[in-house]
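So this one's two forms of a single chain, laid out as structure tokens and tagged structure 1 and structure 2.
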Structure 1
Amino acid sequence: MFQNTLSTEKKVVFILKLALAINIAFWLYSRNIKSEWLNVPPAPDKKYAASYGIGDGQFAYRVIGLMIQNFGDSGGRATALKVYNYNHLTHWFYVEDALDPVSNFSPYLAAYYFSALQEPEKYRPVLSYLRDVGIRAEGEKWRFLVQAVVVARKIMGDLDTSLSLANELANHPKKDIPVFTKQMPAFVLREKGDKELAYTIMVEILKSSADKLRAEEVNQMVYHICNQILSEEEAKKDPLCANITKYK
């Protein structure tokens, strides 16, 4: 019986050693193998989006939001934003919007995280999403339209698209938003070289709204007109600039 017990122990030890050897061999073989990221997958139809949360739309919104936030950056990977498929990514944002049009989580990701890519032209599909969200009157959605104007103007260098978005911002259905949103078309027009129209817009805003604005807002607008839109010679002749000092 002692011999049988000893034989059993040897078998157990042998099996353990064999398992350890197989484990070491497998680790040596697979240690440099990483999962391959196939880029942003196509988004599901909006009517099936809640299935990501087992039928709970709010849970699905959060699950998908975290998934979007970490696309390409899982499994020990770090993927540059310029590699992402922005057409697919935009569809995911619209899916999130269908699940929860009130939350600002996904619009913030779209506006302030994914816009920081090295090849800005790829970002163009997202501008449509930011426009659709930013034109809404509820809450402070207008901020996302402001970001769309800025990205198109400053990052993409597309002044025509920026002007189109800026005009929508200036005519936003929400009335109690900062006055600078009305000035955005003038900023873009000045950069396009149409300083006459930019001047007209700024002066009309002053005429219609000066009594409703704080003194610093009025001063900022006058300073912009006299230092950014008008040339030094033009500013000297314009009564609006009589008390404005040029900064060299």
Structure 2
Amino acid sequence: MFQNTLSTEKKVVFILKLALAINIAFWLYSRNIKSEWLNVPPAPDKKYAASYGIGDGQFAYRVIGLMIQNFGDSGGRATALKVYNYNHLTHWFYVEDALDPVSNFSPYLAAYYFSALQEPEKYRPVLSYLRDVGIRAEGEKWRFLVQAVVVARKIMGDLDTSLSLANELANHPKKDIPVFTKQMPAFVLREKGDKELAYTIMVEILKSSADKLRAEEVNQMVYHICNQILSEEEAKKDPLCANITKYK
């Protein structure tokens, strides 16, 4: 009886070791497999978007927001922005806007993150979203319209669209926005150097609104100036970049 139990136990231990060995072999095969990303999926209708948060609009906004931020870059994968379907992406931004029109998270992503793509023409649908958000008088939304002007001018090289957006900015319904926004059409028309224009705008925003912005947004803007707008030599000379380790 005892020997029989011992024999069964040995068999069980043997089978367990075998299962473990098979598991390790399968792990060696599967460890480098990455899930396939099928590009930005179509966005749901605004009416049903709260379902992402089981009926809670704000929860859905944050869940979708983080999902948009990490589109294509999860599971150890990194995807170039030029691969993204910007039409679908823009629909997602509008869904986010319907869930929470007050937050700056999605406009921020659209303006400062997804604008850094290698094929600027793909960005065009996002401009209309930035325009729709930026034209609002609430909060500091006007800066997203500024970014739309800058992207259309600097990245896309589309002076007509840039001028049209700049004119809307100059006639913005919010009264207490910085003076330079009124000068934007002139900036575009005069076609001054891209870096100079972008630098002026960003520094002016920092000067006029830094106390109204969140600390991380100010840091992001300084980082954007020192790494995207200025060359390494220019950044080293600029006092604004003095606190960035790279240029100290």
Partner chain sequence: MLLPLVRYVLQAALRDRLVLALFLVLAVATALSIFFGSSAVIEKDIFSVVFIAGSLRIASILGLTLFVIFFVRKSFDSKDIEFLLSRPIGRVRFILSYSTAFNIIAVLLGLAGIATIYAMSLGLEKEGHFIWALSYLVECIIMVNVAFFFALYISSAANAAMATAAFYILGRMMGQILGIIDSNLLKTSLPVEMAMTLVSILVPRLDLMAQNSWLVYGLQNPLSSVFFVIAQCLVFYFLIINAILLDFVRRQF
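Being a predicted model, the structure only gives us computed values, none of them experimental. For clarity, a rigid core is taken as the largest C-alpha set superposing within 1.5 Å between two forms. Please note that residue numbering is based on structure 1, beginning with 1 at the start of its sequence.
- Only structure 1 matches the form predicted alone.
- Annotation for residue 215: C-alpha shift of 2 angstroms or more between the two structures, rigid core superposed.
- Shown in the overlay between the two structures, fitted on the rigid core, is a CA shift at residue 68 smaller than 2 Å.
- After superposing the rigid core, the C-alpha of residue 12 moves by less than 2 Å between the two structures.
- With both forms fitted on their core, the C-alpha atom of residue 224 sits 23.6 Å from where it sits in the other form; this compares the forms between the two structures.
- Comparison between the two structures places the CA of residue 25 3.6 angstrom away from its other position, after core fitting.
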